[in-house]
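Take a look at this single chain in structure tokens; it is the form predicted on its own.
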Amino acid sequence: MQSALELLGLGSSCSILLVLDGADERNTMVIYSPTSHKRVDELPLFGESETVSGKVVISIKKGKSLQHMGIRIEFIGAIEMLYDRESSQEFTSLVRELEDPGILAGTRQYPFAFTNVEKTYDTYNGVNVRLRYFLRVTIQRPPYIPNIVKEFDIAVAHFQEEPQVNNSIRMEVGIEDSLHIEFEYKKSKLHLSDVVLGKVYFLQVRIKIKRMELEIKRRESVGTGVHAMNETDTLAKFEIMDGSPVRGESIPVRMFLSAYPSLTPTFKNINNKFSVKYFLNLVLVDEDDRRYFKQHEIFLWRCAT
């Protein structure tokens, strides 16, 4: 990874470069699109109370100068409501003044540090909401001249201990006198690189089953009351059986979560703004393409290794 987060040309005379301390050795987090689930960005990764430090390098084109009313850098944590900007919220905001009013010429470097800054929540990129952390550099200009502002995103992840209680999931599905199955998953709480293990038992089969699939669905809930919005998306689809089963047959389930990198931990009521839940959805499709399904909520968490 390059040591500089980004280089931006501002007009023809000014550029801002932000360099994080230890950037070359720092782990990164890949950010995925919430709709296509394709990779859209890769950001330097920080822990819950880790110091964010580095330097800001401002370069003025040779022979030019820039009058300013002060330079500052901010560390901001924000929840952005993509459908309702007025409901967006900054839950963390810290400021460091880098220079008093004056005139910029040549290249200047400004070290900064946000020591042991608290980063309460994980980075999240959703359909209707986004939780992001970023550094904002502002060169304040004289009245009636727009400020020069540049933002540099970072990512935050929290690692959790393995849950002490992790019950199995057992459920039954029945369709009149046509179908009766039982399914069991070994665990209801899984880390993001875990394996879904289980079995499906066919106790009665009087319809022609064409295939059976296991899906992972994500439900993003944003807002409350009349402003509440729920978005459900299928992140994974895995075929566990092809062909019609017979009575008494047992089908094993083995699904590797690491194959679906856009999964995130379960988030519950983050700053009273949004929640993210995950569900295992067992789907049976008959020869007439009718779909029978049963789903159960699971809890996803991020382990340190």
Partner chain sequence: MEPSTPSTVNNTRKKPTGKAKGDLRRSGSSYNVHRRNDALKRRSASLSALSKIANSSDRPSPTTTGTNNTDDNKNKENDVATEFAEQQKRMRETAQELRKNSVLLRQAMEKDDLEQVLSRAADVLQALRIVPTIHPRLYYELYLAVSNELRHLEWFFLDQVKKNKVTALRLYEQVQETPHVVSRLYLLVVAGAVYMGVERTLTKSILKDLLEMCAGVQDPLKGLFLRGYFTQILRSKLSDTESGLTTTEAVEFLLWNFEEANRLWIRMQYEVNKERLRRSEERRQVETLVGLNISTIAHLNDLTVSLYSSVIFPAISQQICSCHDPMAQEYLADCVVQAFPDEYHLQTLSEFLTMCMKLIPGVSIRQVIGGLAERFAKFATLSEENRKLVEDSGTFLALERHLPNILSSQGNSLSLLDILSTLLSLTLFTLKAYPRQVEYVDTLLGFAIDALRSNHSFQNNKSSYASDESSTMRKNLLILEEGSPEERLIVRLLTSPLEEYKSITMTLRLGNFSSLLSFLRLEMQRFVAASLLRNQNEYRPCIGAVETLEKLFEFIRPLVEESPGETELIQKIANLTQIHPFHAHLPREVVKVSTTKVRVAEDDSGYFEQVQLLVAKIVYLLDETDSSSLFGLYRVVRRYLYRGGPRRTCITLPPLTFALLRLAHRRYKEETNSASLSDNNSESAENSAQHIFEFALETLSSLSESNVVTSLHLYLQGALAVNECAFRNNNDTLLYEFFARAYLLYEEEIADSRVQFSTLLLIIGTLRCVYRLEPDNYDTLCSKAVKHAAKLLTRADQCLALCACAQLFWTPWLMDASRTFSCLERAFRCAKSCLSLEERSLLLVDVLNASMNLYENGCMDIHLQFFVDIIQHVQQVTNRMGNESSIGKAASARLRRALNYMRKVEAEKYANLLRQPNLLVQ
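Numbering follows the first chain given and starts at 1. None of these values were measured; they are calculated from a predicted model.
Keep in mind that the form predicted in complex with its partner chain is not shown, yet the notes after this line are about it.
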property: Every residue of His180, Arg254 and Arg291 near its partner chain in the model of the complex, heavy atom within 4.5 Å; result: yes
property: Listed residue that, although its partner chain is not shown, lies within 4.5 Å of it in the model of the complex (heavy atoms), from Leu263, Met241, Ile31, Leu66; result: Met241
property: Asp100, Glu86, Glu176, Glu162 - the one with a heavy atom within 4.5 Å of its partner chain in the model of the complex; result: Glu176
property: Close approach of Ser250 to its partner chain in the model of the complex, 4.5 Å, heavy atom; result: yes
property: 4.5 Å heavy atom contact, Ser258 and its partner chain in the model of the complex; result: yes
property: Exercise: Glu287 in contact with its partner chain in the model of the complex, heavy atom 4.5 Å; result: yes
property: Residue contact check: Met171 to its partner chain in the model of the complex, 4.5 Å heavy atom; result: yes
property: Interface stretch in the model of the complex with its partner chain - options 129-137, 231-239, 90-98, 105-113, non-hydrogen atom within 4.5 Å; result: 231-239
